[in-house]
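Only one chain is given next, in structure tokens, and it is the form predicted on its own.
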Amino acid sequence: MEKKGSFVAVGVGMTLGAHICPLSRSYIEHADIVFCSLSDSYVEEWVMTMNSEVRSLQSFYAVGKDRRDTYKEMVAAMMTEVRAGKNVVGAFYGHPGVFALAPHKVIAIARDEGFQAHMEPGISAEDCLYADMGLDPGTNGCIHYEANQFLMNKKCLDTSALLILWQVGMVGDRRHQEFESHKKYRHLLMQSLMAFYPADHRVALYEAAVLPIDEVRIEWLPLKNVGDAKIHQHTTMVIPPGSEKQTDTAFLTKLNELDSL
């Protein structure tokens, strides 16, 4: 038997007021309490117009504080209200399940304890990127890495596919205490990429619009200049294919054999 109290993680999308779906808005409007972790104070104020009981999760962040501790405190705050029998909504920017640890953790804990919990999708930075840059991940294939994962792990990279690196502004931060890492770490990332791409390979720095009056950032530059470029916490690096696809003749032969049966 499910306990009284519930949790729903919703995404409000990237651009204020433009991306939220009717179902997610309804969950916010009818919740007993809404916790929000959003990209801008204006977006938080907008969510507050939908429900009188909105609490910001941003106060858990602090300079020099391990973000893993921050996420634990966020989860604890939301679960306290779920256990108190309230219908709780967590409103997160973009998609609530993309680069967001707390929503996944709350849902797992709530379900394990017998509460109803689920996630509603939202429009993410990835969705905006494809639209703003006119890219189709199905054209050449698409590879995604969080920048630290790419930098710190051994790589087997298909350079004939589109490569997208997330959170390049945080690359090199292993203490989980910084909001923007030093450019020396971006130089190291650049060197790592230059093992696969030529120094003059054109890449793009992308930032989605948060406010309707914001301009989308799409800045093209040679890979060799990335280390000194202006990069923020939310900057994404887009690397077009650097090589042609090579036909697997052995499997092409097998396909032809199957077609002839």
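The model shown is predicted, which means the values in this text are computed figures rather than measured ones. One-based numbering along the sequence shown.
One more form of this protein, predicted together with a small molecule, exists but is not displayed; see below.
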| property | result |
| --- | --- |
| Triplet Ser6, Asn87 and Phe115 all within 4.5 Å of the small molecule in the predicted bound form via a heavy atom | no |
| Close approach of Val98 to the small molecule in the predicted bound form, 4.5 Å, heavy atom | yes |
| Residue contact check: Ile33 to the small molecule in the predicted bound form, 4.5 Å heavy atom | no |
| Heavy atom of Ala125 within 4.5 Å of the small molecule in the predicted bound form | yes |
| Proximity of Met14 to the small molecule in the predicted bound form, heavy atoms at 4.5 Å | yes |
| Which of 189-197, 226-234, 24-32, 51-59 lines the interface with the small molecule in the predicted bound form (heavy atom within 4.5 Å) | 226-234 |
| In the predicted bound form, the residue from Val47, Leu38, Ala204, Val210 that sits within 4.5 Å of the small molecule by heavy atoms | Val210 |
